[in-house]
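Taking the form predicted alone, here's one chain by itself in structure tokens.
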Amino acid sequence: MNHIQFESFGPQNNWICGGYHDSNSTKTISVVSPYFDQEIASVPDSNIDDLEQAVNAAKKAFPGWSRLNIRDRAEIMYQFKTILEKNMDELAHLIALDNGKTIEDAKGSIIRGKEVVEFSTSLPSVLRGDSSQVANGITCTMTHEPLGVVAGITPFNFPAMVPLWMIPLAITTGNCFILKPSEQTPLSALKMAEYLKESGLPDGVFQVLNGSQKIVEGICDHPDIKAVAFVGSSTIAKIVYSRSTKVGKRALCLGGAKNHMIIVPDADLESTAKGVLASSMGSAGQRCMAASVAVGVANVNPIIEQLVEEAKNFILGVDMGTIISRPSLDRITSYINDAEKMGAKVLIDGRVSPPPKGYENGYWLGATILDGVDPEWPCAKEEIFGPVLSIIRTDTLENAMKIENNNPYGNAAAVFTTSGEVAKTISQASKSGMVGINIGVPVPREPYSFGGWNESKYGHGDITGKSGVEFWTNLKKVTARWPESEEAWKKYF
């Protein structure tokens, strides 16, 4: 496995106005590495005074930053991209240490986030403005204008990638940004603040505010924060959206998922098994794009058997990292225990997977596959957020689609088939925002946007791509008519 070196960082501060800033709060939050079950850092449990300082710093920076030419703002993002690439190993180690990912998985998440940084460098061309003569002597010009001070609240599972979905687009369009990272995984957010400073970003344009529920509530309520983006569970996404919009704030809140993969008998044996396993077990199943339910149509036993053979070769610490915390591990294990009691057949049991040598105290759970699952069981309906795949059997494609569409979430769905007609039917009928055809993790690549439907998203639009740009900006339309003059124009020259 990739070696994860234990490291203690001690107390960390907030990042305000271009540097580390002591908190006004006396309370702290312990950051525990899931590889070692040991504290590696602590961060302040910030209070409303800390939030006020961050907002004031952003408000002070906004006039100058928003007036800066967008090409100059994009140039800073280009420098940021270069620094991310240069420090990939450093950032990946931090992500692995406080999140539990493997180094390879951590690097993959940085690369995915870096795509949004790259897209942000193209914004001078994307947002060049539209102008035309709409009537005789009358022109209309439309531009994207920044909102002001905006904020992002991000989850533990992708501590660098999800902030990178928000930060580049928000600040390149001229906003000043406050990031509230997960209190479980704050280290990469603080490191990216250092990278942005090194890139030439002016002080106050970007702040990192550590904390818990009070800071989230404060961000939702603060009258000077004009927009909030959130990624996390659907329960909290709905609360953040409701609380923010209640006071007139713009909000886009991405929630949880229960993604389904429909497998038909004509699917390619080997690539389907690999794709299903990678989707359900990648990032230890701790991602909203994990397809945690496989719906097998008719006789797909050869594919399931191949899937089990592939899963037997999964090695903890190499193919999959840890679970984020002891309570999460216990919760995920309880789903497996309950499903087994209800009658599910445990084809692969991750509860007995041995931990990697030297990391015995970590929060480990191996790949787990449950067969014969009833669509109404909790493991089939609720977001487990762990390396657990539930297999539901059905006789017809129609029933498979009913199972998929009865799910209240609408983040993603996938179909594995060699039939173009089946692929077309599923992709058209699926009530999900992202659909994969022989792709288990159908994440759109920039400039195509990321976002689900139904209870997987509260708010309008998507978080990345052109849709993300539109979220962080207002459209200004200027209509102009200049009266004709009888004065000779030459007098002005």
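All residue numbers refer to positions in the sequence shown, first residue = 1. Model, not experiment: these values are computed from the prediction.
Beyond the structure shown, there is the form predicted in complex with ligand NAD, which is absent from this document and is the topic of what follows.
Segments offered: 81-89, 395-403, 413-421, 182-190. Contacting ligand NAD in the model of the complex at heavy atom distances within 4.5 Å is 182-190.
Among T154, Q207, T173, T322, the residue placing a heavy atom within 4.5 Å of ligand NAD in the model of the complex is T154. Only one of the listed residues (S334, Q133, Q213, S125) places a non-hydrogen atom within 4.5 angstroms of ligand NAD in the model of the complex, and that residue is Q213. Taken together, the three residues W165, V231 and G255 all come within 4.5 Å of ligand NAD in the model of the complex, as judged by their closest heavy atom. Among residues of the shown chain, F385 is one whose heavy atoms approach ligand NAD to within 4.5 Å in the model of the complex. Although the partner is absent here, I219 lies well away from ligand NAD in the model of the complex, with no heavy atom inside 4.5 Å. Interface residue remark: S456 is counted as part of the site for ligand NAD in the model of the complex, having a heavy atom within 4.5 Å. Contact check for C288: a non-hydrogen atom falls within 4.5 Å of ligand NAD in the model of the complex.
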